[in-house]
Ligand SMILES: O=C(O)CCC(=O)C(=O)O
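Quick setup: one chain, the form predicted alone, written in structure tokens, and binding and motion questions come after.
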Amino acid sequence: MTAVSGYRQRTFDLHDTEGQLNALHEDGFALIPNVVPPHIVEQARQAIDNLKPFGFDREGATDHYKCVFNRDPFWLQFTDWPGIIELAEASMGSECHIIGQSAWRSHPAHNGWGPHTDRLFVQMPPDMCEDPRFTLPILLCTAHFYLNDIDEELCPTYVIPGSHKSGGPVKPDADGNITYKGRELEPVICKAGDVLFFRCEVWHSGSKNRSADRTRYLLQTHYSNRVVAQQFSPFLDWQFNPEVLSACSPRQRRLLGDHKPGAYD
């Protein structure tokens, strides 16, 4: 773990896989500064500007483009970024894969507020989740690659540390407040090139773009254990891009689904 000035959550060195993994179990997320260098951040922003809507994509106050890894080999590097892929494999297994990759452009008036969990594979009482004899398996995680400096006006991600141990969905109290063990949703203030890697059960939310004239750029890579099916839209019409496949390394091909035969294949 490292202490970086200006960050509200604890942060981790890019190659501190053990510390990051412990944070996934303890807090439900790991914040990793200085992952993507500035020139690639700028390239990614330009690449998002060049995307065209397809399938289930949408544009407006919020532009959301799905499965961008399949549109250009440029995006493959964000499937196995050094330091991030090691955490994915340490937490979800050496045969983990991606189940999607989404690019976002959130303009002024964007409203992403809506506290939620991404997926609950099991529900159980919190005392069971917090029992030291039990470790909740990590089956699905998302890496947020931030492509702007994020302040409280520019739609930060909000999280409640430890809320993945609630054993259930987000539960507002009688007054509509959302807390877990006395902790409220807190904004993740970070820099362009930082990564927030979080597990699917943690209580979190997007937020509003309160700036007058700034647009937030974000890339998400979604990872899962191999037992979770890949979810590449538009589903029945899905086809891999031959140009992308020809550019893949062996590890990237596995992340896209080129697995060794298993028990259910």
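Residue numbers run from 1 along the displayed sequence. Not measured: the values here are computed from a predicted model.
One more form of this protein exists, namely the form predicted in complex with the ligand; it is left out here, but the text below deals with it.
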Triple contact flag W104, T157 and Q220 to the ligand in the predicted complex, non-hydrogen atom at 4.5 angstroms: yes
Contact flag, R216 vs the ligand in the predicted complex, heavy atom cut 4.5 Å: yes
Partner proximity in the predicted complex: E153 to the ligand, non-hydrogen atom cutoff 4.5 Å: no
G206 within 4.5 Å of the ligand in the predicted complex, heavy atoms: yes
D131, heavy atom within 4.5 angstroms of the ligand in the predicted complex: no
Region of this chain that lies against the ligand in the predicted complex, out of 72 to 80, 162 to 170, 177 to 185, 115 to 123 [heavy atom, 4.5 Å]: 115 to 123
Contacts with the ligand in the predicted complex - residues in 239 to 253 whose heavy atoms fall within 4.5 Å: none
